[in-house]
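We begin with a single chain expressed as structure tokens, specifically the form predicted alone.
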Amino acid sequence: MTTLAELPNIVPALPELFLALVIMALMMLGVFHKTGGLEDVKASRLISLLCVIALLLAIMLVSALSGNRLMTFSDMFVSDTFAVYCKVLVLTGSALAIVLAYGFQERHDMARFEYAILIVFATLGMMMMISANDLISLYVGLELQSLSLYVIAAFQRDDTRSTEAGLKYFVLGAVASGMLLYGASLIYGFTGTTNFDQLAGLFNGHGGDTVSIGVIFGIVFIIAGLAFKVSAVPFHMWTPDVYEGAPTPVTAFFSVAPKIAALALFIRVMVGPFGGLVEHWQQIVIFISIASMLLGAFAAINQRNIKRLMAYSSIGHVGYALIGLAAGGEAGVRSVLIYLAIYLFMNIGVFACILCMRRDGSMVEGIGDLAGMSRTHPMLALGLGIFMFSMAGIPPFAGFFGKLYIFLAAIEAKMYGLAVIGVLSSVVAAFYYIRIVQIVYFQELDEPLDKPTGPELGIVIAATGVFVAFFFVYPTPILSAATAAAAALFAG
């Protein structure tokens, strides 16, 4: 009989267990509320609200664990300041994504209670990924997230583009998961362990000729699998089609929470177990960083669909974030964490603006549809202008400081070429961001957009716009939290 002393300490995983219980309770509640017609809309509203509350409570639970490195489940799960920082970003992104979908679901006949629950399910997987301290728990968290995302991508079942997006994401995601699992099996086969701490102890102080070629191949396959999850070149091919085809609130969710979680996992895996082999994987990360920045800068120039443009934009932003990982060290990781926080608010703000693009009751996605918007929707145009200038990296907006810390980390690591390429690609990318502002403010009004419906979009645009515009006034909370998170990762 198992005694109380033999039971695992569940405190480090309390937020995850809380969300798992919430998911089960809300599934039961949704099923008993579901009677068809108007009742489905009411059930969807109620469960969306409860999911947002649950995510906010999870943020409080996660924050309570800050400051200590706690392990549980046979050291396969770790909670440290790095995990706390990234989980707060993921939970915030997921809550905002549910808020963005609140009115959209009813207008597009998507008002089903499962939507918000699937987002919370995916968030649970992301939190497990961030806290993974073993290749097995990493894979379990990754798949829990991915399976939920496949369903969400195809949630608008009657729309051909949505179902196509879900299918593409599923097929390519399965290939990427297979590559990552193969890499993990190679690591286990050549080292005899999957635990991150044991792998770190095995590789620290070793390098060059002492490392087996099988381990190097394993790392390459793991990087390939993770590069797919963050949509880095050359594993980006799914991103534009899925972003365009999926319902807009789903695209907004895809662009923030899963990306932040995957980048956090990327950092933990490279810095933790394979930190001693930095000379073996650094050149790969540099290559995918440069390729992502260049493709994101040049491929978006000719885009006419704003969601596809944001897909290429996100690929470029991943390239900038990977500069910090390539630079290595606490300064590099700190710069990535600052960048992720700023990216979260910029991106959510942009997609809230895109959700306001409606004409005659239908969504419009063409960049040309924004022509003259400043005359009919001045506050919306102002918000979109702030986000576009920030994404272009123009001071004094938050995006400028995000890129500044990234480039400073590269210069500190003496990666001058990488920093120069980053700056030049940022200049090229500024063209298509500023072009949107030019269309909004200086092109002739063609046909006005509908008046935005529902207060939730206006609240999100206002809140994220204030953060982006006035980040420079008081950046201390983000900077100090990112510094502590980076220090905790290297201390561990």
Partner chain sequence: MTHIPILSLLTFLPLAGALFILSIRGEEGVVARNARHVALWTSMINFALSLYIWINFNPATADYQFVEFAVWMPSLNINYKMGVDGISMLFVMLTTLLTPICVLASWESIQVRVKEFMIAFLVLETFMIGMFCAMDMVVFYIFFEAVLIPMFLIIGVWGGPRRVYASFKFFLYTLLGSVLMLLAIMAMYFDSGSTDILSLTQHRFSVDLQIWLWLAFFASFAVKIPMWPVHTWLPDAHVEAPTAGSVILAAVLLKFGGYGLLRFSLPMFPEASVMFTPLIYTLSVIAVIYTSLVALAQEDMKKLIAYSSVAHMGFVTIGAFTLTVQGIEGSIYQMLAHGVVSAALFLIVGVVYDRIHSRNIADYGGLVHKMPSYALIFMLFMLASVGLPGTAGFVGEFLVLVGVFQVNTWVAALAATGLVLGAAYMLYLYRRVIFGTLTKESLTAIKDMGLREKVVFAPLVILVLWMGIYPAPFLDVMHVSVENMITQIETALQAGQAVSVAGQ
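Positions refer to the first chain, counted from 1. Please read all numbers here as calculations on a predicted model, not as lab measurements.
The discussion below concerns the form predicted together with its partner chain, not included here.
- Per the 4.5 Å heavy atom criterion, its partner chain in the predicted complex is contacted by stretch 431 to 439, the sole one of 24 to 32, 431 to 439, 50 to 58, 63 to 71.
- Taking the partner from the other structure, its partner chain in the predicted complex has no heavy atom within 4.5 Å of any heavy atom of Gly366.
- Although the partner is absent here, Ile411 lies within 4.5 Å of its partner chain in the predicted complex, judged by heavy atoms.
- Not displayed here, its partner chain is kept clear of Lys168 by more than 4.5 Å at the level of heavy atoms in the predicted complex.
- In the predicted complex, no heavy atom of Arg107 sits within 4.5 Å of its partner chain.
- Of the residues Arg358, Arg375, Arg161, Arg304, just one reaches its partner chain in the predicted complex with a heavy atom at 4.5 Å or closer; this is Arg375.
- Of the candidates Ala184, Ala419, Ile290, Leu172, Ala419 is the one whose heavy atoms come within 4.5 Å of its partner chain in the predicted complex; the others do not.
- Three-residue candidate spot Leu404, Glu444 and Phe472; every residue lies within 4.5 angstroms of its partner chain in the predicted complex by at least one non-hydrogen atom.
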